[in-house]
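Two separate entries follow, structure 1 and structure 2, each one form of the same protein chain as structure tokens.
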Structure 1
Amino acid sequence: MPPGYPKVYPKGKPRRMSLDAVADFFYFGFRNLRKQLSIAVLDMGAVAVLWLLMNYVIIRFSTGQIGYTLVPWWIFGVGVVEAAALWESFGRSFGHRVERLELRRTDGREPTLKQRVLYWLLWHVSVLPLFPLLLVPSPHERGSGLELRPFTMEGRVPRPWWRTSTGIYVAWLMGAALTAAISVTISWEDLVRLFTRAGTTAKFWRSFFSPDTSIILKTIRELVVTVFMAMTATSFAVLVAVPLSFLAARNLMRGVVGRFIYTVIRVTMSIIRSIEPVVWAIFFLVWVGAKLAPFAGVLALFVHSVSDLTKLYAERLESIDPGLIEAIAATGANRLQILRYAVIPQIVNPYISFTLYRWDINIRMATVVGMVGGGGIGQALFFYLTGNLWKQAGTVMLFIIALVWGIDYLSAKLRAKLA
């Protein structure tokens, strides 16, 4: 410890049973609970995924069917828990790795076998019922004289990855996942076609050099619609996302109510974001009717953009420099003034940059949304594709590529200027 470094942790427990002591107990208890639980969940998850994948591969290759477990679910459950417990007690598990911790004796030395066995036995009464984890240190740590402490390489030589348990685990996982993935997604006939039927796409490429001139004007018209769809969706999304982003920034939303609003908005947004614009388009097409196809497309893009922009904006807000806020507050400014002079100047350019980025994405998305009937160029493309009009489809694709490339270039240029 460098000289002058504050002595961070005073020794000893709180002396008397006060309200503070109770609050402290729960504060540190829940921190411990969270740490231990996250390790346990990570390990159990890791074991379960590997188990399921292995079974998947075995079933796939022995019967050709799709299946997930060879054993009854309760054996599966007990097995996963027990494997995780053993892993945590006798090695440096996946969870330990992720949390950057390791199991050592309280004096910092390597645990003995006896201690590890004790740790493993007590793990069952400590981690499984959960509430003993509120005690710091937890019963299984105290009982075995071990503790989880931050991992350090100091004074040690690393093992090669194939001699660490996590390394072996990841290798197995990758092997099983790739085997399963290849066996289920790629069939022999498809592979043969991939290598023998490249010629079938020639009709596309040919139309790239001799586009169907009769549909060019119509295509440009649809392109204009697509561009405006993206533009309208983006601008309305900005109007909604900017105020929302302030409510979704952790550093601005303090207190119980603030945290509640923050959580609600963040969770809602991440759920909305998980639904692809295509799915939203399906929904809105039914909602407003197919007659207003571009409008439905805009609504789909709008909803997705709001959630995405809110997240991007809020993350930017969370990383603003607190020094400037301090400086403005020190002049006697109130909250609104701080917002105007310390927060907004820091976010204007990043916000514009994110908006451009989103606009770029929206143009790509607008073509995709069009394919489910959301209007614009995508709809035209889908029409030609389903009608086997390859030449026309190729022409439309050529235009889409040109548009996307142009917009991408433009937005990248502008963003580089803003940075």
Structure 2
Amino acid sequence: MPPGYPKVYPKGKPRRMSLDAVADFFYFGFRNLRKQLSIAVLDMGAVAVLWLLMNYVIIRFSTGQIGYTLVPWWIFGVGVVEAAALWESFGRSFGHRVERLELRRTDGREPTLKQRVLYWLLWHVSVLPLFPLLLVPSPHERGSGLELRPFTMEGRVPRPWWRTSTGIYVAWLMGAALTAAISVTISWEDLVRLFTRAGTTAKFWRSFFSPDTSIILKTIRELVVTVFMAMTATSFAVLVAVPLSFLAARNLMRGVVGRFIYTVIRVTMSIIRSIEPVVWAIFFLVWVGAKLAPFAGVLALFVHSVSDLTKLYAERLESIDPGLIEAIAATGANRLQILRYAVIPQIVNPYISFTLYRWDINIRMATVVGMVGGGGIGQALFFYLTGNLWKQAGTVMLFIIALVWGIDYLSAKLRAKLA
């Protein structure tokens, strides 16, 4: 008997029948299922979007109607699945790039054509039923001798985008999306009117360059109201957005409770930000009344500014240098001291820059909000336009242009000082 060999027979269940082995099987199986399924879903979604866009463009330009598929839906579904399988088997697909993986042989070398064909054939009996994906490696990987490995550029020369399957896909997607957008927003009649009816705007341009001096003082007063609306909304938005940004930063909110708070704030801010300030202005005009029009405008700008600044501030927090935090923490500093000496110095200047940028936006948005009754110079402009008072409207426009240019110049100078 060789030295070191046990002199007694082992007792107990084999490893593969133990509770730990069963737990490992399901743990690694579900991890493999999630990985393979996410890649397949991403690729099918990418193929479906491109297919629908291209069909929409073809139908729109050929018939002038709106349609999304030229074939029955069951053929569309089969085609999407088959295209995803081919993409994953013979190229580096969209799902592979998202997951940062690539298809390689088990020895790390480039797959052969025979292996790719075998991988594609077995893909159908492995991915589509789903349950074979619980096996590690999956049947289509085991049978073809291929596996998904982390992608690396070490020892490789980057290929031009037009020689990669994903690059070609993105080019087709952008082309189809742009063509579809043009077909929806521009028609041949629109282009004809654009180049043949420019003379109809002559009345406006003549009024624009012959302002009514009798309303200058009134316009200046409304302009001051607009500036104060933007200043008030931005100032109060900063007071709310700064503390919220710390709760909306992924790297600072850890644990179950932290991630729950992070998710709630992020989702809430996204919903608020998706509603335009004009809609918020109408909402608050109904709430507080038309007599308090500037206040309704401030509330509309405030709500939208809070959501926008919270996102900008939080993303800056997520990109801070963790090395400085670790260095301060290594000295024995508590959380408040880490925040004071490691986090705040990295975010002060970006926060100020974002605030100035948002104030610049609010100056312009205050004009738009005023046009729906939110007070300020926009309300006066809307009154003149609806009354066909072109000279007065042109005067107001000249003051708005001067204000926006001045604020943009001032904020650009201030941001340059902070850079």
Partner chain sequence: MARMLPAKVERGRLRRRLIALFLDWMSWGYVAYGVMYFLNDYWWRIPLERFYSTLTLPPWGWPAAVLGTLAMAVVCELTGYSLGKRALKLEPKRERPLTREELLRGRAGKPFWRTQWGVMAVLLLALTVALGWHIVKIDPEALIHPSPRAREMLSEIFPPDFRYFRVPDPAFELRGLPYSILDLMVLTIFMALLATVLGAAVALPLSFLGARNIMGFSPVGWLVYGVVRGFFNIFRSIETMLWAVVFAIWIRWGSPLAGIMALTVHTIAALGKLYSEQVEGIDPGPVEAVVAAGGSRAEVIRYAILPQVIPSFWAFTLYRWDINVRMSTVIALVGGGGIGDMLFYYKNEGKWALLGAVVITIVAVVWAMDYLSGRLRERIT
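We call the rigid core the largest set of C-alpha positions that still match within 1.5 Å between the two forms. Counting starts at 1 and follows the sequence of structure 1. Owing to the predicted nature of the structure, the values given are computational and were not obtained by experimental measurement.
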Identity of the form predicted on its own, given as 1 or 2: 2
Quick one: spot the hinge among L113, W188, P72, A330 for the rigid-body turn between the two structures. W188
Smaller rigid part's rotation against the larger between the two structures, whole degrees? 22
The CA shift of R156 between the two structures, rigid core aligned, in angstrom, is 10.8
Upon rigid core superposition, what is the positional shift of the Cα of T196 between the two structures, expressed in Å to one decimal? 3.0
